[in-house]
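In structure tokens, one chain follows: the form predicted alone.
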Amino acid sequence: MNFAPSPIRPARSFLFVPADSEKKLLKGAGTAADALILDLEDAVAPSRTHIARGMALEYLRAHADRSKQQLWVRINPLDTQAALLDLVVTAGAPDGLMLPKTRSAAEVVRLSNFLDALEVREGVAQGSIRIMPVATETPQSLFTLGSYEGCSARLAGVTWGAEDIAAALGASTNRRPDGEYDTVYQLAGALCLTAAHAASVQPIDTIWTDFKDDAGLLRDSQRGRQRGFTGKMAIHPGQVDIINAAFSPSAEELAWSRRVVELFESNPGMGTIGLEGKMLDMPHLKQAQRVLALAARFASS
């Protein structure tokens, strides 16, 4: 079955919350995170996964109003038995499922087929549960990132991770002595970015692991947005406000973008226009329009 779900709101910040912790769920709900990710995978001990599933489902049902905060669930890798058990959360109508350790878009298609049936069984709006793969955590994944374009109407974004792929490659670290990601991990991030844009979905940047390093998080978030990412994962509530600010257009950006758009509108038919000593053409206009559209979407969410 093929459904055409309504567009999902963009999100700047996705905060991971262990689904088996009432305290952290409550704390996450009190943040300005655009989305919470109720985690059934890495943040939960295998001995508590069954508890986490029940708590996640209960939380979803108790928070049916998603006007302020989206609720996603990270399930276990699709080739594990745990993932099939995790799908009990579909009864709570999550906004989406995060799918870790994918090898290609084929797993998104497979999960989408499961959801087609589960939504009918649970009385959930058809096509409403979206999917976001963590698309760079296996060696195979780096060769298949072009496969996500057109794979499923449920695809809402693509994100990446540098920790699991490092472990899969047998690396002792994923960073150079200067702190920058080593080449293969830079490649993973770049391929994720281009894969998401090719598929016309949100490109979501990976986590900043040092949750006490606010300055580093700000720099990393700003660079991510400059590169073309539109949001970022968070692992601590204290990271949310920094991420939200970094992925929101500044007052200066908005003012400049309005001037650019107004200038082109007042000079129809001109492909190149000068403004404050700079020559502007169509790519500059498109970027200005993108900034204004982004601000409008966040203002209405």
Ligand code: COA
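Residues carry their position along the shown sequence, with the first being 1. Source: prediction; values computed, not measured.
As for the form predicted in complex with this ligand, it is not shown, yet the points below apply to it.
- Scanning 48, 236, 259, 66 against this ligand in the predicted bound form with a 4.5 Å heavy atom cut-off leaves one residue, 236.
- Out of the listed residues 32, 43, 263, 57, 43 is the one that sits within 4.5 Å of this ligand in the predicted bound form by at least one heavy atom.
- Remark: residue 23 counts among the residues lining this ligand in the predicted bound form, judged by a heavy atom distance of 4.5 Å or less.
- When contacts are judged by a 4.5 Å heavy atom cut-off, residue 15 counts as touching this ligand in the predicted bound form.
- Taking the partner from the other structure, this ligand in the predicted bound form has a heavy atom within 4.5 Å of a heavy atom of residue 211.
- For residue 207, a non-hydrogen atom is located within 4.5 Å of this ligand in the predicted bound form, even though that partner is not displayed.
- In plain terms, the part of the chain that comes close to this ligand in the predicted bound form, with a heavy atom within 4.5 Å, is 228-236 out of 270-278, 241-249, 48-56, 228-236.
- No residues of 99-113 lie near this ligand in the predicted bound form, the criterion being any heavy atom within 4.5 Å.
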